[in-house]
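Consider the single chain below, provided in structure tokens and representing the form predicted alone.
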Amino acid sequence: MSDEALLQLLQHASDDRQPVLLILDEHDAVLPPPQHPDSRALSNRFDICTSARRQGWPCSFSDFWLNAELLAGCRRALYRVSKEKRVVEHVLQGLWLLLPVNGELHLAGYKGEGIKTFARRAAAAWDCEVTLERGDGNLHLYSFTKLSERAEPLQSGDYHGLQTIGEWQGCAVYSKPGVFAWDRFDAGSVFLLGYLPKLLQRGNPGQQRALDLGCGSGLLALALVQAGFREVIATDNNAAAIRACEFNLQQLAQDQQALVVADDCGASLRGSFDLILCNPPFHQGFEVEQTMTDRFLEASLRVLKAGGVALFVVNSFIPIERKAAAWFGKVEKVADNKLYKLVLLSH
């Protein structure tokens, strides 16, 4: 489903007279082609970035590393606000500092997402002219014109800095803003890891390939490396997660091969795996999106080796058993703590 706020932002603020920089996060849409040939986009989501490129937008993929080169020649930036407050603060502050005087920043979002609060804080922090372009119903569009270089900081702390969130089997684990549950261990992943020793009794990890599908900060991938798998692959759609997972695996992956790959629900994975661990997200932007679970199941079926197993952890209300039965010959719920359940899948 196309995000209406993003579409309205593009309709209102795109310009055929000058290039624009479009910032894309988790919100998807069928984008109109850029009106100016030098317009460009930046996204921290691999799927959104790929989609934008297919629709004619030159799009960079990064954890919102904002720099002068990215904005070169652009006096107008467009941003449909993200789900996470720390991400919004980082993007707003970075764009404002890079925009030239008389440059414009256009924002879109809904009241329930905090758009009015972000706009109010920005107006107080910047030397700007601010206009509410649209405020009917929940959808709000704002434009800010930069009057001088004066700007107070919107965020506290270092968005790009990796921070210790805990320790797993003697190894510190790091994460950062922009990753799901970035300041703690995800309870579902911890629940899954409690079952992992029993699962490892099925074979010899030293001769096997393992996959962490939707790795986040990489806690499950880290545990797979610690277990001694011959090769560990971790994938995620989020650039912040890719960076955190790479850092965590580099601490341990010396003799073993460990690789972190940006991917859209495992769509580009090749080869086969003896073991797949997956703690799939079930949100897309601000909405519950259970079809994402379907896509992780489909990818697991495609790359799971004959005789291999996939272990999913999901919230108890996700009907993964019914979904998985359409693809897998064996579907077994092996644990349930009323908040999360573990479901074992095999051909």
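All values derive from a computational prediction rather than experimental measurement. Don't overthink the numbering: it's just position in the shown sequence, from 1.
Quick note: we don't show the form predicted in complex with a small molecule, though the next part is all about it.
This chain is displayed alone, yet in the predicted bound form one of Leu78, Cys265, Ile115, Ile233 has a heavy atom within 4.5 Å of the small molecule; that residue is Cys265.
Among Ser43, Asn279, Thr293, Ser39, the residue placing a heavy atom within 4.5 Å of the small molecule in the predicted bound form is Asn279.
Annotated contact segment (heavy atom within 4.5 Å of the small molecule in the predicted bound form): 179 to 187, selected among 92 to 100, 179 to 187, 118 to 126, 134 to 142. Each of Cys215, Leu220 and Asn237 is positioned with at least one heavy atom within 4.5 Å of the small molecule in the predicted bound form.
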